[in-house]
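Shown next as structure tokens: one chain only, the form predicted on its own.
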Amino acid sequence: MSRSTLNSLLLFGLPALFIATFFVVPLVNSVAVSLGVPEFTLAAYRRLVDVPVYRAVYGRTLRVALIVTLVCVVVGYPCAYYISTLGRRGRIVAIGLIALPFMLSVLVRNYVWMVLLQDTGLVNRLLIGAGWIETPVRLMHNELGVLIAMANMLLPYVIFPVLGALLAIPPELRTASASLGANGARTFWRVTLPLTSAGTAAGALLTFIVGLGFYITPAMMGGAREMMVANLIAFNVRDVLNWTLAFSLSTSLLASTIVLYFAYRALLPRVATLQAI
């Protein structure tokens, strides 16, 4: 065996071995357990459909992830657009401020939101002090608290892809649009928005997929009544030791993300067509 062949095997073989050991084998085992190997039964998957509680948890997970994604897109796009208009130094500062929370643990950030949103927290005290409310508003242990905390944590997943798409637009395109008589709104609608649609879609897809698997935030901000699929998986593994159902939940969640990914890939040609308009 030549030295170049050995180097190639080491270069590609070791990563392949790592992926096979820590990803492919556990994934195959997860699917096999969910199918009740060696009996090969779909009882666990039928239970996800037949039991109202599981349907409710799965529906809540999809709804929360979708709402959080929409909020992040609506809030994140203007933020990214504003950052793209800043000078180099201001842009670096803004990006640093957005990336700073990633240096903190998710657990710590959830505790911060608990301090802010509890009945005696800063938000309720400010609202009462301003005379807008007389009694504290319940902002925790419900879906609203989960949405607020998740949107805050997932917002950078939209801002950064959109910002990258905005910075990739040649400034000459906006100048040419203005020279042809288009105002700022028309230039944004016909030039900026189509050229950033791929980045926006990528950020939305990433936000939605990450939101589907959130565990700590629903547990801390929502409680047992706002359980999501990840919390239900942990409950079946830790409390009732129903590994088959837990693996069927995780496999169905993985299948949902795969379907979303291929749907996104199928929409890419349309995005490219939109960019060419």
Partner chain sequence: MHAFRRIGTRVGRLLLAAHGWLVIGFLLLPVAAVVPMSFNDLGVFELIPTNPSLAQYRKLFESPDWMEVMWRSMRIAVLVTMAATTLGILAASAVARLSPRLRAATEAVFLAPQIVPSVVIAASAYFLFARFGLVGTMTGIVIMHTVIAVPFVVILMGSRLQSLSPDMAQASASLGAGPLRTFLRVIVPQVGTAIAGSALLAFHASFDEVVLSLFLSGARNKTLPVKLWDAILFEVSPILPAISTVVMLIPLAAVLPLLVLRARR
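Numbering follows the first chain given and starts at 1. Please read these numbers as outputs of a predicted model, since none were measured by experiment.
The following text describes the form predicted in complex with the partner chain, which does not appear among the structures shown.
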* Contact residue in the predicted bound form, chosen from Leu166, Ile148, Leu205, Ala198 - any heavy atom within 4.5 Å of the partner chain -> Ile148
* Structure fact -> Partner-free chain; cross-checking the partner chain in the predicted bound form, the single residue of Leu70, Ala234, Met227, Leu35 with a heavy atom within 4.5 Å is Ala234
* Would Tyr111 sit within 4.5 Å of the partner chain in the predicted bound form, counting heavy atoms only? -> yes
* Touches the partner chain in the predicted bound form: Gly87 (any heavy atom, 4.5 Å) -> no
* Asked: Does at least one non-hydrogen atom of Val75 fall within 4.5 angstroms of the partner chain in the predicted bound form?
  -> yes
* Asked: With a 4.5 Å heavy atom cut-off, would you call Val115 a contact of the partner chain in the predicted bound form?
  -> yes
* **Contact at Leu27, Leu97 and Asn152 by the partner chain in the predicted bound form, all three, heavy atom at most 4.5 Å** => yes
* Can you tell me which bits of 55-85 touch the partner chain in the predicted bound form, meaning any heavy atom within 4.5 Å? => Val75, Pro78, Cys79, Tyr81, Tyr82, Ile83
